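What follows is a single chain, given as C-alpha cells, in the form predicted alone.
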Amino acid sequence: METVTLTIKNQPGLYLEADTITPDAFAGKKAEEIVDLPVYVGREQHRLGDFFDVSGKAGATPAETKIVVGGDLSRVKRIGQQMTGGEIVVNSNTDMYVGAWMQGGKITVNGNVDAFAGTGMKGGEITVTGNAGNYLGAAYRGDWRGMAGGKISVAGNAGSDLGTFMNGGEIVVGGDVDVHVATHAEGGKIVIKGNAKSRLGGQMVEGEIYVFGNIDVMMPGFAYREDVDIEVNGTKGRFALYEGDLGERHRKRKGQKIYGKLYQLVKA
C-alpha cells in the first residue's frame, strides 16, 4: 500500500470543503498531481495544494492507497466522503461529514469528529478515538436513507440524533449519548456503553439498541418483555429486553410482528 501524507499549512477563512481527500480521488496520482485536486471555501474553488503540503504517492487503486492527514483540521469538512476503499488516518480533530456516504475502506480519526460523520454510510469502517457530534450514522436532513452498512466505533461520547433512519450496519459508542437515538430506524445495531438521556427508538420499527448504563427516560412506546442472558460487544450479562415502538406499524415475519428491540444491562 502506497502512502500520501497531507499536512495543513494554511487555515481557510471559512471552512474547507475537501471531499477530494479520498483514496478514490488520489489513486494513480503523484504528489504533484494531487495538489491540483479541487477543494472549496464557500463557492470559491481552490487547489488542495493551497492549503496542504503533499508528499508521497498514491497506489494504483483506492484499495492500495493510504492517506495520512495532520495539522489542525478543525475547519476541514468531508474527509473520506464517498470513499470505496483504502485507508485514511486523521491525526487531529476534524469537522463535519467524515466518511459520509462511505462505501468501503477504513477511516481512523485520532481526535473528535463533528456532526454527520458516517451519514448515509453503506460500508467500510470508521474509528474515532475521541467524541462524535450530532447525527452520527444518520440520514442527511430531509432524507430517509440513513446508515445502511459498515461499522462506526467511537471511544468517547456522541451527540443527539444518532442513527436516525438507520437500516443497517453497526454503531458502538464507548461513552454517553444525547437524545434521539435510532429515530425511524428500520434495522441496524447500536451499542451504547455509557448512559443515554431520552427518546431512544422513537418511531423505530426494527433494529437493536443496547445500553450498558442508565436511560433517563424510557419511551412510552416500548414494553418490557423479559430478562435475557446475552453477549454484546465482548460483554456477557443479563439485559432487560423491551420491544417497540408499539405506536408504529410493524411488518410480519412468519406470522409474527417484528419490533425494534431495546436492551438495557441489568447485571454484568
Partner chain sequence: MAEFLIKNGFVFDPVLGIKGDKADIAIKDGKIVETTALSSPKIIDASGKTVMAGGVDVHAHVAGPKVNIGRNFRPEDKLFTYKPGHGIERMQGGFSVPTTLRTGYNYARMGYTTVMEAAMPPLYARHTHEEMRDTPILDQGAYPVFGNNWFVLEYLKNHEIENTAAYIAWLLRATKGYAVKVVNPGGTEAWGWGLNCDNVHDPVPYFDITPAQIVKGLIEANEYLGLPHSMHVHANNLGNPGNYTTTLDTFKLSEGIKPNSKFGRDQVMHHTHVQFHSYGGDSWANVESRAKDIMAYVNSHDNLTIDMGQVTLDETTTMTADGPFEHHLTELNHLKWANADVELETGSGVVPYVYSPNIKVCAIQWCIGLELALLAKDPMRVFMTTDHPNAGPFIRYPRIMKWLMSEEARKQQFDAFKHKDKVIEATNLAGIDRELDLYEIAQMTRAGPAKSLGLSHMYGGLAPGLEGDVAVFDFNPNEPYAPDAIETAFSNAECLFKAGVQVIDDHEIVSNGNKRTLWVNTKVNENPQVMRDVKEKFLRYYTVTLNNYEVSGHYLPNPYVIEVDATQ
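None of these values were measured; they are calculated from a predicted model. Positions refer to the first chain, counted from 1.
Absent from the display: the form predicted together with the partner chain. The rest refers to it.
Q: Does any heavy atom of residue 131 come within 4.5 Å of a heavy atom of the partner chain in the model of the complex?
A: Output for residue 131 is no: heavy atoms all beyond 4.5 Å of the partner chain.
Q: Do residue 72 and the partner chain come within 4.5 Å of each other in the model of the complex, heavy atoms counted?
A: Because no heavy atom of residue 72 falls inside 4.5 Å of the partner chain in the model of the complex, the answer is no.
Q: Against the partner chain in the model of the complex, would residue 254 count as a contact residue? Criterion: heavy atoms within 4.5 Å.
A: So residue 254 does not count as contacting the partner chain.
Q: With a 4.5 Å heavy atom cut-off, would you call residue 193 a contact of the partner chain in the model of the complex?
A: Flag for residue 193 set to no.
Q: Scan 145, 151, 122, 197 and let me know which has any heavy atom within 4.5 Å of the partner chain in the model of the complex.
A: Exactly one residue meets the criterion: 145.
Q: Given a 4.5 Å cut-off on heavy atoms, tell me which of 104-112, 123-131, 75-83, 167-175 is the interface stretch with the partner chain in the model of the complex.
A: Contact criterion met by 75-83 only.
Q: Pull the contact list for 21-45: residues with a heavy atom within 4.5 Å of the partner chain in the model of the complex, in sequence order.
A: Sequence-ordered list has one entry, 40.
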